[in-house]
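As C-alpha cells, one chain now follows by itself in the form predicted on its own.
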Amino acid sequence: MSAAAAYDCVVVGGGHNGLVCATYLARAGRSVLVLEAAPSLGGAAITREFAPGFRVSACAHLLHLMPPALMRELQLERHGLAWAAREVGTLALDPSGSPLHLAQGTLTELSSGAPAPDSAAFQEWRALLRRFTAALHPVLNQTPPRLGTGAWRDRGALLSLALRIRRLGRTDLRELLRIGGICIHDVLEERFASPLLKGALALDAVLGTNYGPRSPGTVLSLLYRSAAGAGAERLALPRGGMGSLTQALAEAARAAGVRLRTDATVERILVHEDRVQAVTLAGGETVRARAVISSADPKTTLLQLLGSEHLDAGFTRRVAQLRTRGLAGKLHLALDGLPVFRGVPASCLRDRLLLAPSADYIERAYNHTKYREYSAAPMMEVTVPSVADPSLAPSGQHVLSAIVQYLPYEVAGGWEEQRPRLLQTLLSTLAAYAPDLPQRVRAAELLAPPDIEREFRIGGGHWHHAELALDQFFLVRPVPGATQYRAPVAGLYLCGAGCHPGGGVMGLAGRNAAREVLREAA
C-alpha cells in the first residue's frame, strides 16, 4: 500500500468492537480498513496456546453480554461460530463440599438436587432484575443523549428513557431509586440468608471492577451486567474458545468488504486544519481517511495517538484522570487429568465455578489492594472449558481458566518477585476445593494487570478500558466532551470498551459508533 492510499473509514484495532464497527460501516457502502497491531485479530477475545497442546481463551473466557440480535445481524454462525456449550450454569463452591447450583433462575443444593432455602427469595430477585432490565437494556443500544441542549434528538432520548423507567410502576421505581447507587452487600443482606449465595451474587457485581461488595455503586455494576445480558443467565462457550467468535466477526467483516491488516501498528493520528486526515503506521506508512474510528482505550487514543496538543487543557485533564487500572488477573493451568472438586460431579465441571464463599470473603480479598498487595485468599471465577470442548487440550487432559481478583496494577515488591508467590497462593486456594488439583498441574500462566496491558494493548490492564462507575458511566462515559463516540477533533471517533455502554465482549459500542459515523456523513 502506498502513502496515497485512502479510505472512507480507518478503524484502529481489530478487537471485537472494532470488527463490529467496521462491518456495519462497510455494509452501509463505506470503504473500510482495519489496522491491528497484533499478529492476529481479536484483541482480548482470542484463543492461543499457552503450553504445548493446551489452548485457552486468553483473557475473556465466557460469552454472556453480546446480544443475540447482533449475532444474528452479523450472521456469525454462518461465518463459522459454533458452540461447545450454550447453557453454562453456575456453581457456588463450598469448601465443605455442599455447592449451590444457579441456573435459569433456579437455585438448588447440588448434593440433594432440592431447592435451596433461599430459592423463593432468589426467584423474586431475578424477577426484579428482569423488570429493571426491560427498562434499561434499550439504553445500551443507543447513543447517550447530551445534557443541556435544545436538540430534539437529545430531548427525545431523555424522554424515552424517563418513560421506560416510569413504566416500572411505583413499587419497582421506588426500589430502583433506593438501591441504584448503594452497595450490593447491603442489598444482599436484606434479601438472603445463605452466605454462599450472597458471595455468588456479590461476585457478579464486582467482577472486573475496582470495588468490593461494600463499595457504593456496586448495585449499578450488577444492573449493568444484567441489562447487558438482557436479564438472561445464559453464559456460552464458543467451540474453539473466544477466538472463534472474533474469527467469525472477522469473516463477517471480510464478507462485507472490509480490508483487514494485522501487524499494522498505528503510531499517530494526523490532523490538518482541525480535522483528522490520516494515520501513520510504524515504519512511516501513511493511510488517508475521511474518518478514523479507534477501538483502543480512550487514554491511548486521545493522549498518545492523537496528542494533547490538539485538545484543550480541561478536556486533556479529564482524560488523564480516568480511572483505568485493572484489579483482575487471569490464571491458565494445563492439567494432566480432570481435577475432583468437592461435591461436584465431573459432568458439572462444564459450568463456571465460583470461589467466593461469602460477600465478606470478597470484601476481605479486596482490602489487600489498598496496600498494594494481592489478595491472600482471592476471589476466582473458574472454568474448565476442555470438559465441553476437548479440542482445547490433548486427549484425556484439560485446561483450567480463571479470572482472579484482586491483583493491583502495582504490587509491593514488583510483579517479577511476587508472581511465583501468588501462583502458589492461587494453587493453595484451589486445593481447598479440589485437593488433587496442584498435583495435576503441568504448566501454568499467570497474567497480572501489567501483563494484560502489554499483551492486549489495554492501558492500565482494565478490561472495561475505564472503570464502570457513576462518574464514568452512560451520559459521561468516557468523559464529558467525548460521550457520543465523537472526539473533540472532527473526523475522530471512539468505538472501544471505554465508550458507552462499556466493557465485556458485547459489541454494542462498535455498532453504536458506526451509526454515529454514518449519521454525521449523511
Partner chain sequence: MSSTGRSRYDAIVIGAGHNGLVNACYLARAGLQVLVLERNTFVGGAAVSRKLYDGFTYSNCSYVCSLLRTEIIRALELPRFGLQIIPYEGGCTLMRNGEHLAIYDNHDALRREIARHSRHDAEAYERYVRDMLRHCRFIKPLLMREPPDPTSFRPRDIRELLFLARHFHGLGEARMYDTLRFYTMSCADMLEEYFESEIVKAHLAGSSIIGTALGPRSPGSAYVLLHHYMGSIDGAVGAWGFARGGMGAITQALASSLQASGGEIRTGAPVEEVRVQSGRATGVVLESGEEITARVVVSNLDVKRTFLKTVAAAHLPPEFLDRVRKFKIRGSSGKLNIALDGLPQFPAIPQGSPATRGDMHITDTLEMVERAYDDWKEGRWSSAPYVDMLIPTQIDPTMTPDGKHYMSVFVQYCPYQLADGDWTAAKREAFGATVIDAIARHSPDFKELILHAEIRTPREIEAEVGLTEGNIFQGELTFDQLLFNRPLPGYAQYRAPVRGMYMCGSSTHPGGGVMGAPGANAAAAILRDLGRT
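Numbering follows the first chain given and starts at 1. Source: prediction; values computed, not measured.
This protein has a second form, the form predicted in complex with its partner chain, left out of what is shown; the following refers to that one.
Engineer: Residue-level question: is Asp204 within 4.5 Å of its partner chain in the model of the complex, judged on heavy atoms?
Structural biologist: Flag for Asp204 set to no.
Engineer: Hey, in the model of the complex, is Gly284 touching its partner chain, heavy atoms inside 4.5 Å?
Structural biologist: No.
Engineer: Even though its partner chain is not shown here, does Glu363 get within 4.5 Å of it in the model of the complex, heavy atoms only?
Structural biologist: Glu363 belongs to the contact set for its partner chain.
Engineer: Considering non-hydrogen atoms and a 4.5 Å limit, does its partner chain approach Ile182 in the model of the complex?
Structural biologist: Yes.
Engineer: Just one of 371-379, 427-435, 109-117, 330-338 has heavy atoms within 4.5 Å of its partner chain in the model of the complex; which?
Structural biologist: In short, 371-379.
Engineer: Give a yes or no on whether every one of Arg178, Arg214 and Thr483 sits within 4.5 angstroms of its partner chain in the model of the complex by heavy atom.
Structural biologist: Every residue of the spot touches its partner chain in the model of the complex.
Engineer: Select from the listed residues Ala236, Ala82, Leu147, Ala412 the one whose heavy atoms reach within 4.5 Å of its partner chain in the model of the complex.
Structural biologist: It is Leu147 that has a heavy atom within 4.5 Å of the partner.
Engineer: Pick from Arg323, Arg72, Arg86, Arg342: which residue has any heavy atom within 4.5 angstroms of its partner chain in the model of the complex?
Structural biologist: In short, Arg323.
Engineer: Quick one: which residues from 161-177 get a non-hydrogen atom within 4.5 Å of its partner chain in the model of the complex?
Structural biologist: The stretch 161-177, when checked against its partner chain in the model of the complex, contributes Arg166, Arg170, Thr171, Leu173, Arg174, Glu175, Leu177 at the 4.5 Å heavy-atom cut-off.
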